[in-house]
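This document starts with one chain, in the form predicted on its own, laid out as structure tokens.
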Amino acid sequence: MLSIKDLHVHYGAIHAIKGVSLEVNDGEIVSLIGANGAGKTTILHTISGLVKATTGEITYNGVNLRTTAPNKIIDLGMAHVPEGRHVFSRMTVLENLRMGAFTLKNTEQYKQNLETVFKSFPRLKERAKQLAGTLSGGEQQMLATGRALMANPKILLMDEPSMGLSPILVKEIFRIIETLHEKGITILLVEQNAKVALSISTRAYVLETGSIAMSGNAQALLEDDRVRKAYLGV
């Protein structure tokens, strides 16, 4: 489904991503874990076309994403839930969701998608006319996810969905991620909460200073002493 081969990304003289290769197969939850500054967000931004790769291959269902405009990547069935939510704070919840559906040509499809989002996130329906900037952090995360779902994605790129949330809300957000997966959405998850991320994932990659240090079955990594010591605090 999604394949990255020998990806290199530079920010000026800084070599941020150094030869990363990874795959996300249809129906998987794949986690990308690592410390702050390891390059996790840069990888997602490069997949989405927000950052230009120096060299390497990024393909999605055989399409070369390096030569595809970011707005066209959405049409292919890929949506990005960014770090920090980035909702449109001066727009209502409903207006934010409409922004997520801008690629849809069919009014009936928009109505169906909106109904699906409201079923998944009842609080968004309750707050449909409320300004997004007045929502709590957890509600904004739900809105950012719902906005991405309005485009009918086959794969979601999720960047630090638990950031800044209370433990109770973290559990709720990850429950939602599992529910989306059960509905057939493939997920590439960037997350600092390694324990929770690995517990719901099929496979995972460990990123250290721009390079893949480890990869494999998520449960096996969860039990690996090196991962436990570096990322789980045990």
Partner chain sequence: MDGLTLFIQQIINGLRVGSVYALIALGYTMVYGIIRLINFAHGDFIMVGAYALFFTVPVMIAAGMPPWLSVFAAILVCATTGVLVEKLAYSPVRAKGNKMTALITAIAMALFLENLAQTLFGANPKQVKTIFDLPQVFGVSGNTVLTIILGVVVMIALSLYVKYTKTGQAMRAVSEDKDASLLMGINVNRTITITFAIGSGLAAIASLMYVAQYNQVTNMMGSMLGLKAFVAAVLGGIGIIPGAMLGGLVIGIVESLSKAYIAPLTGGLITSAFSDAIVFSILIVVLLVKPAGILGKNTGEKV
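None of these values were measured; they are calculated from a predicted model. Residue numbers count along the first chain shown, from 1.
Unshown form predicted together with the partner chain; subsequent notes refer to it.
- When the partner chain is considered in the model of the complex, only one residue from Thr41, Asn193, Thr186, Ser48 comes within 4.5 Å through any heavy atom, namely Ser48.
- With the partner removed from view, the residue among Ala128, Met163, Met91, Leu76 that has a non-hydrogen atom within 4.5 Å of the partner chain in the model of the complex turns out to be Met91.
- Although the partner is absent here, Leu156 lies well away from the partner chain in the model of the complex, with no heavy atom inside 4.5 Å.
- Taking non-hydrogen atoms only, Pro82 approaches the partner chain to within 4.5 angstroms in the model of the complex.
- Proximity of Thr134 to the partner chain in the model of the complex: non-hydrogen atoms within 4.5 Å are absent; the residue sits far from the partner.
- When contacts are judged by a 4.5 Å heavy atom cut-off, Pro70 counts as touching the partner chain in the model of the complex.
- Shown here without the partner chain, the chain has Glu95, Arg98, Met99, Gly100, Ala101, Phe102, Thr103, Leu104 in 95-109 lying with a heavy atom within 4.5 Å of that partner in the model of the complex.
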